[in-house]
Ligand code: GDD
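One chain comes next, on its own, written out as structure tokens in the form predicted alone.
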């Protein structure tokens, strides 16, 4: 079952701000790897290596981070929208490069779904469009999908009100679509794949099926979800072939060139990037990610926190369950409470208390 893939990476990442002020969402780091590496590895694992990225926002940044895809073992091609075309328009924009059967992924979902099983389900059901489904506690923020016992879809309902909920199975942003159906998507205006394209197929009698994905699934589109996804990776809850750079020691991945003074304490699971400097008396982890080139001063305590590259943390600073963007400077004896999110380049003066 040969297939191509299209990954929708055109969004501006508004829910993930302020982190996406400086970096597009598809390449925000997870365990110091660009997020899309996890989707590329998933597709490659299931034999899909011809991949089209449908972009519109900061395309040059994405291309610079991922290149041809050779490092990830795939072939990457890029299509760029001159103006946003919506989720269906993003797929339609890839039509000239696409043929046959397409796996389509939303570019903000971390999952270890069995893509091969979804392709086999699509084949055996004679489906023209298959939608991966996942259960959620609160369907009101997602696209609810009603299906019968065989998986034939009966109804779509985007962001249902509480009294409208009839199932907890929602659109997981993983699709298999026959490429010729893309011609049905208007090319001259924004089109929603969830609100327009799929319902129109159903109304016209095109066979559409839904299949539970199983496995891990998380939309990383908010800062809290983005941090939790990394904690899940550290805990081994996500089956992925992407591993942190460096050497694993006592539950901690230590990057090349990292210098950790005697008297510093590391508690795994944790990831320490390349060329990191950790002074004596600092305590890092558990559930902590330190980006490449970071500097952690003596007596600092970092737990449950995600630090991007080249962050400087001053003496005695305490960072707990927070996120710090690249090149930020955290002064001495700063206390950052859980939930704090600092954008790239932030400067926090000595003795500041954040999130209190």
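Since the structure is predicted, the reported quantities are computational estimates derived from the model, not experimental observations. Positions refer to the first chain, counted from 1.
A second form of this protein, the form predicted in complex with the named molecule, is not displayed here; the remarks below concern that form.
Enquirer: Want to guess which of 208-216, 264-272, 70-78, 106-114 is within 4.5 Å of the named molecule in the predicted bound form, heavy atoms only?
Expert: In short, 106-114.
Enquirer: Name the single residue among 159, 125, 237, 249 that comes within 4.5 Å of the named molecule in the predicted bound form, judging by heavy atoms.
Expert: Result of the distance check: 159.
Enquirer: Note which of 86, 281, 151, 244 lies within 4.5 Å of the named molecule in the predicted bound form, where distance is taken over heavy atoms; exactly one does.
Expert: Comparing distances to the named molecule in the predicted bound form, the residue within 4.5 Å is 86.
Enquirer: So, in the predicted bound form, is residue 194 in contact with the named molecule at a 4.5 angstroms heavy atom limit?
Expert: Result yes; residue 194 sits at the interface with the named molecule in the predicted bound form.
Enquirer: If you check in the predicted bound form, is residue 223 within 4.5 Å of the named molecule, heavy atoms only?
Expert: Taking the distances in the predicted bound form, the answer for residue 223 is no, it never comes within 4.5 Å of the named molecule.
Enquirer: Even though the partner isn't displayed, in the predicted bound form is residue 24 close enough to the named molecule, meaning a heavy atom within 4.5 Å?
Expert: Because no heavy atom of residue 24 falls inside 4.5 Å of the named molecule in the predicted bound form, the answer is no.
Enquirer: Is it the case that residue 15, even though its partner is missing from this view, gets within 4.5 Å of the named molecule in the predicted bound form, heavy atoms only?
Expert: Judged by the heavy-atom cut-off of 4.5 Å, residue 15 is in contact with the named molecule in the predicted bound form.
Enquirer: Check 41, 130 and 176: does every one of them have a heavy atom within 4.5 Å of the named molecule in the predicted bound form?
Expert: None of them does, since no heavy atom lies within 4.5 Å of the partner.
Enquirer: Could you run down 220-245 and flag each residue that has a heavy atom within 4.5 Å of the named molecule in the predicted bound form?
Expert: The stretch does not touch the partner at all.
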